[in-house]
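In the form predicted alone, a lone chain appears below as C-alpha cells.
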C-alpha cells in the first residue's frame, strides 16, 4: 500500500509553525486593509495617472484597499490548507514510529 508520507517530522512541524504565523499575519493585514488603514497606503497598487484620470479618486483607492484585503484573506486560507497538510504529515509520522516493519 502506498504511503501518503512525503516529509519528515521536523519539516511537518516547521510547516505547522509557519502556517500558524502566516494565518495570523495575513488575517490581521486583511482586517487592516479592509479598514482602509492609512499606514498601508504604500502597499496599495495604484499610480498617479490612475488618480489624475479618475473622477472619484477616493472610491478607486477604497476599492483597491478592499481588493488587497480580499487577497490577504485568500492567502490566509491557503496557509490554513498548508497547515492542515502539515498536521496530517505529523500524524502520519507519529503512526509510522509505532509500526514495525
Partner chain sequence: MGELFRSEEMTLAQLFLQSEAAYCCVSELGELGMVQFRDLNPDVNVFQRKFVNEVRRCEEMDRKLRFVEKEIKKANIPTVDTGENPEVPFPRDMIDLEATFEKLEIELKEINTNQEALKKNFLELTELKHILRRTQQFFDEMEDPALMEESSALMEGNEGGRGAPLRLGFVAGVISRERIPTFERMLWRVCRGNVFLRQAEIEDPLEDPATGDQVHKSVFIIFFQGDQLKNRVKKICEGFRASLYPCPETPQERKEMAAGVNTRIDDLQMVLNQTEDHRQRVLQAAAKTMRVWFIKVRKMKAIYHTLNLCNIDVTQKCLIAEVWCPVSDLDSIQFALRRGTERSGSTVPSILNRMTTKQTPPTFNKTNKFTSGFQNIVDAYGIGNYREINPAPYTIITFPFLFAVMFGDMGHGLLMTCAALYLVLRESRILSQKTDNEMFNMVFAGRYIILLMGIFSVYTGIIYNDCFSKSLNMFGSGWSVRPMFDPKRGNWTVDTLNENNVLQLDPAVPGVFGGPYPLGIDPIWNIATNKLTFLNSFKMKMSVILGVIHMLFGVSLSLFNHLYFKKPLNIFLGFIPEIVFMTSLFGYLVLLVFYKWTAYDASTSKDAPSLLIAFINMCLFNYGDTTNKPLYRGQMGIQIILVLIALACVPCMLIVKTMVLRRQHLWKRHLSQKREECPAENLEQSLEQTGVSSSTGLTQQGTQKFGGVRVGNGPTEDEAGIMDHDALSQHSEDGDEHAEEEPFNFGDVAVNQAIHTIEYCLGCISNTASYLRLWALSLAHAQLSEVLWTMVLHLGLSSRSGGGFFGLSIIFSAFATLTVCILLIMEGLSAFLHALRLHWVEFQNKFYTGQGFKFVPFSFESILEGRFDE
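Residue numbers count along the first chain shown, from 1. Here the structure is a predicted model, which is why all the values come from computation and not from measurement. Here the rigid core means the biggest group of C-alpha atoms that line up within 1.5 Å when the two forms are laid on top of each other.
The same protein has a further form, the form predicted in complex with the partner chain, not shown here; the description that follows concerns it.
In the model of the complex, residue 43 approaches the partner chain with a heavy atom inside 4.5 Å. At the 4.5 Å threshold, heavy atoms of residue 54 stay clear of the partner chain in the model of the complex, well away from it. A residue is said to contact a partner when one of its heavy atoms sits within 4.5 Å of a partner heavy atom; residue 22 meets this definition for the partner chain in the model of the complex. Using a 4.5 Å cutoff between non-hydrogen atoms, residue 81 does not count as a contact of the partner chain in the model of the complex. Shown here without the partner chain, the chain has 64, 67, 68, 71, 72, 74, 75, 78, 79 in 54-81 lying with a heavy atom within 4.5 Å of that partner in the model of the complex. In this overlay on the rigid core, residue 53 has a C-alpha that sits 2 Å or more away from its partner position between the shown form and the other one.
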